[in-house]
Structures are given as structure tokens and as C-alpha cells.
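Given next, in C-alpha cells, is a single chain: the form predicted alone.
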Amino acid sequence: MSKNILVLPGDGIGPEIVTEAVKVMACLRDEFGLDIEMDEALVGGAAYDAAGHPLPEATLTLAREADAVLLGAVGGPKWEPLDISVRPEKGLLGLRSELGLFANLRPAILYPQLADASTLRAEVVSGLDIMIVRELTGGIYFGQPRGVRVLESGEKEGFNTLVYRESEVDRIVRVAMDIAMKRGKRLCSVDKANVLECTEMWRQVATRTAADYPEVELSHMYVDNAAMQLVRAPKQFDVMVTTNMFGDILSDCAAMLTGSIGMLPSASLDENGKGMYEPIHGSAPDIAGQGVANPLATILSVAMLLRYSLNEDALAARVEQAVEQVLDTGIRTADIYSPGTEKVSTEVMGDAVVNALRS
């Protein structure tokens, strides 16, 4: 039965990088028997401009009906003056919430061809391969009450609520445990249990859930130490699991260990494996329309889509191998360029991956 993929190009460089990822999916469909259909819709600032809302009901309906969603990026300075309720990022948060995408998978992999791109010494990052599992639909980003109020003194006070239920912690830890079972069987749960009661409970639940996975070695680490350790000795980690806000910060920190956020994909999954897939970088409005953005993170997001939502492991591996073959040839987009390599455009890089798929 054919699977439906909803494509959401979004804003900034989103349409450019998604175009190259769609080329890859079309190649897999037309030449490798991948049984998919693709629809396209608006989200983010582009959706606000066209429909007055960053997540139009028509887009949400298509997303609910799709087997997987491929997203480019949302946001940009153009929409920053808008009320927070209709800024482009609300479209992204709305998709996560409405689709129940509670598990965010953020790999941080240093490709050997790009070892010189990292700002850390090669011996610190060579061979880096971390998976960060971030809880995505709870925590301080969604907790109530929240807002800004005026005190009797006339001073404004902003407030947000960090809240997790046991069931929310248990299900994200189980996702991380399942991933750890397929990797190095080591899981580090990151919290701030020495200060925050909510994450003290997180630690208790993680420990309890770990009893169902006796083969996995569970450790705990405070988030401030985890940030330091990611820079000091990142290869000590295999899989990390943490809260929404901590995961937001730590996954970006881990991403830069690899030299460029233009190389890293992500997946956001529901309880049944349906997911939304996107590069971890933003909309990069400063380079939008110039044809210089790196499409490889989006193409690698397609590989994650194939693996986690379509159960097409062989095709996922083929896409990943194609990316490595292209890197071996020495062509680079501007973000990963170094002397001795060839700087190419977004389109040329995408075409090179398609050609490598065919070879």
C-alpha cells in the first residue's frame, strides 16, 4: 500500500533544501520501487502570509492523514514583529503537539571526511556518534500556567511552568532505551534533580523504567555537567535522554561538535512510529535564495524517515551511503568547505546525491 509523505518547505532556505530532498525521494520512488505519494502544503511564515495562520487547518489535516512529514524550516526576521500566537514557530509547535510527536531523535555524527570542520581537536571528536533523545511535547515549553503579569508594584513578572507526569517520562525513557539496545547499550539520563523537584521525579522514573532493560547501563548526569562533558569528552556518551528544554540546548551543543549543523537530521516520532523529519538548522534567512545552503541534513532526514516511519532500512542505508560517497568526492557547500575541496551550490549537491544513489 502506497505511503503518503507530506512535504512542508516552510520559510527561508526551506524550499531550497527540501527541493533537493524531494529529488532523492523521487529517485527512490521511480528507480528503486519506493511506493510513496507526495503532497505539499504551507507552514510557518509562508502559511501566515497566505492564510493568516502559521498552521492552517488544511495543512494540519494533511499532516494528520500522512504517514510521515518532511519539513524544511520556519521563521525569519520578517515575522518577528507578529504576536507570539501567530509567529512561524507556533506552526512547528502546533504540529508537534497535534500529531503527538513526543520523541525527538537528534543524532550527532562526525563524518570522517569532515573531521577538520569541528572546532575541537580531532582526537576529541573523531568517531563521534551520539543520539540525543529529547522529550518534545511536555515540560516548560508547554506547561501551564504561563504568561506575563503585572504585580501590585507595577513591575512585570514573567512565568513558565515546568511540569511532567510519570507516564510522559516513562514513555520517552523507553524510546531511548530501545534505541540504546540497538547501539552501545548505554543511556545517560540528563536532569537537574539537585534543584528541580520535577526532574528529581524524572530521575526516579528513569531508574524504575530501566529495570525493564537490564542489558542497558543507565547513568544520570546534571545538565550543567552534561554540557561541559559534551565539550570535554563527548565520546563518553552513546544515547542521552532528557527534558524538552534541556534537550533543545544540549542537542545544539552536540551538533556543533560535528563542525556544521548543515549536516545533521532529526526525527520527531509519535507512539506508533509516525514522524516529522527535519534538518536541525533554522531557516537561515541571511542566505535564503542564494543557492548556497547545505541540503545534506534534509536528505539525511529522508533517510531517518525511511528507517523510522516506512521501515525501509535498506533504502535508508543507501541514502546515507550516497551522502558519504559524495563527501568522498570532495565537493562541499559553503558551510563545510575547506581549502582543497570544491565549493558547489545547493542544487549541485542534491544532484550529486541522486547520481550517487544511481551508481
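From 1 onward, residues are counted along the sequence shown. Fair warning: this is a prediction, and the values are worked out from it, not measured in the lab.
Just so you know, the form predicted in complex with a small molecule exists too; it's not on screen, but the next bit is about it.
- When contacts are judged by a 4.5 Å heavy atom cut-off, residue 174 does not count as touching the small molecule in the predicted complex.
- Taking non-hydrogen atoms only, residue 141 approaches the small molecule to within 4.5 angstroms in the predicted complex.
- Taking the partner from elsewhere, residue 96 is found to have a heavy atom lying within 4.5 Å of the small molecule in the predicted complex.
- Proximity of residue 89 to the small molecule in the predicted complex falls within the 4.5 Å heavy atom cutoff.
- Just one listed stretch, out of 199 to 207, 133 to 141, 216 to 224, 78 to 86, contacts the small molecule in the predicted complex at the 4.5 Å heavy atom level, and that stretch is 133 to 141.
- Out of the listed residues 238, 168, 248, 270, 248 is the one that sits within 4.5 Å of the small molecule in the predicted complex by at least one heavy atom.
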